[in-house]
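Taking the form predicted on its own, here's one chain by itself in structure tokens.
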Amino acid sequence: MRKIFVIAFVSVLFSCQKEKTSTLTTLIPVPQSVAADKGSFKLTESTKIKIETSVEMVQSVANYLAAKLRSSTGYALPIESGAASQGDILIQLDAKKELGKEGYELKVDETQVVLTASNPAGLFRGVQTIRQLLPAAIESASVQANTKWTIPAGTIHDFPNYAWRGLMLDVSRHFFSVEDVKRLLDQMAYYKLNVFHWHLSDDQGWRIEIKSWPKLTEVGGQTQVGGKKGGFYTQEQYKAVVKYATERYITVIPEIDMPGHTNAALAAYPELNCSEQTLQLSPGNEVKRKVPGLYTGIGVGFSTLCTSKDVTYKFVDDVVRELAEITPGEYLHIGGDESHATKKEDYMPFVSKVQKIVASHGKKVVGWDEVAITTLEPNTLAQVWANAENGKLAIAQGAQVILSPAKKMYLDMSYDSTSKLGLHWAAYVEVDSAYAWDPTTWKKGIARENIFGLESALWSETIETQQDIDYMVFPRLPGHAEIGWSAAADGKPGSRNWEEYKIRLAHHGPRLEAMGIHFYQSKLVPWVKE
């Protein structure tokens, strides 16, 4: 009898504790300012979403919110213009509010929810907070009966710390469908990320249609790591993804890696190679040709464009031109990493020329940190992944950096030695290690004013399916998103608090489950069950 009583008591105590936990205290990323109040707002069948403007983008944000809430509540949630009444949600723009491009103010009391921003992007970020303030079941795809849809009363003032908060997906090692990409964009939006870096070419596959060079996809896009059938995106599919991302206030940054990581292009067009290659077809039967075979391994550093040929720059110009025409964002990524097969005296003038080509098509350049050994064009960003000294070279030229240190932000790194997926050449990266660091103190000589933003990276050597993406991205991505959005725990460098964060993360377990995300359930996190 005593044993049964203790179990029952603990169960009741835990249940009460869950009820006491306000969603105001479990938000990720943590807002800049939260002031709790008494009571809560109840979302009901009579709730309406009101907008006070005819601006199309505000209407779109309202439509997005309504769609997210209708599936699980079953409520109609009509969208109407005009003043809000009791029980309504009001979405409004106010140019007088000094909240920046993505900032917002959210006020909740027992009568209304009022979301205000000076820009539609801020409204969209605030909508993600409204979702997180509701019970986790709000993310379900089907109606959840007998659920009390309440939002705790309080006031939130919020805005991002860094302008660039990104995630990179490598679709070259393994190819992923348009629907897979859109699903990832939805997950990014939930945690207020705003840049999708799309790694579209590498040794194993060329994934974007270039109409002036059709063999890039016809030949270079046909395989992937392991030898299975590859794939590519048509320009129409690319534009559809860009539109989908734009609707979520996410900027697409396409990457064409060069002069290395180019075997797929070299296999498609022999004129881009410098020298012949000896191929052994059978013992004693060798042939020489300029076309390397398609590559399905995971090695790096063996390929290079021929940087001394005019045709190479014609190729680069055509690729950049076609991508620039279908990419509304400011930046194109030119890669530049691990070009071990390119001599330094060839690499440097190549990168200089490519930067000018990108600029000629109205775009700015992002390159992996190795590009900083060259003279950088104005507005070029260096993405620091391996060598902080390269980042410092970029800073010395007046450039800013994006931080993607492999030991902290590479999502293809295994969690530990028992992980079923991933690599560990940089480190094992558990959830606490991914979160508990501060960009401003990461390396001496890289200060806050030098950092344009942060970006997680998912390389896909071992990633083959949508579930694989889920497992490696979550739950590390929410922590990265918080580092990019929120100030350090008390506003001081180095003060990020893992012990506090892991409790908030634990409450996101039911949310991830409701969204159908197959996440890694780290033993370091006391996951909440609902």
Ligand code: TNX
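Start at 1 with the first residue shown and count on from there. Worth saying up front: this structure is predicted, and the values here are computed from it rather than measured.
Although not depicted, the form predicted in complex with the named molecule is the subject of the following passage.
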- prompt: Should residue 459 be classed as touching the named molecule in the model of the complex when contacts are defined as heavy atoms within 4.5 Å?
  reply: yes
query: Is there a heavy atom of residue 338 lying 4.5 Å or less from a heavy atom of the named molecule in the model of the complex?
result: yes
- prompt: Is residue 173 one of the residues lying within 4.5 Å of the named molecule in the model of the complex, judged by heavy atom distances?
  reply: yes
message: Does any part of residue 359 reach within 4.5 Å of the named molecule in the model of the complex? Heavy atoms only, please.
response: no
query: Which residue among 300, 219, 395, 184 has a heavy atom within 4.5 angstroms of the named molecule in the model of the complex?
result: 300
query: Taking the named molecule in the model of the complex as the reference, which of 158, 412, 455, 139 has a non-hydrogen atom within 4.5 Å?
result: 412
query: So in the model of the complex, are 64, 114 and 192 all sitting within 4.5 Å of the named molecule, heavy atoms only?
result: no
field: Stretch from 241 to 249, 82 to 90, 422 to 430, 228 to 236 whose residues place a heavy atom within 4.5 Å of the named molecule in the model of the complex
entry: 422 to 430
Stretch 372 to 393: residues contacting the named molecule in the model of the complex, 4.5 Å heavy atom cut-off: 385
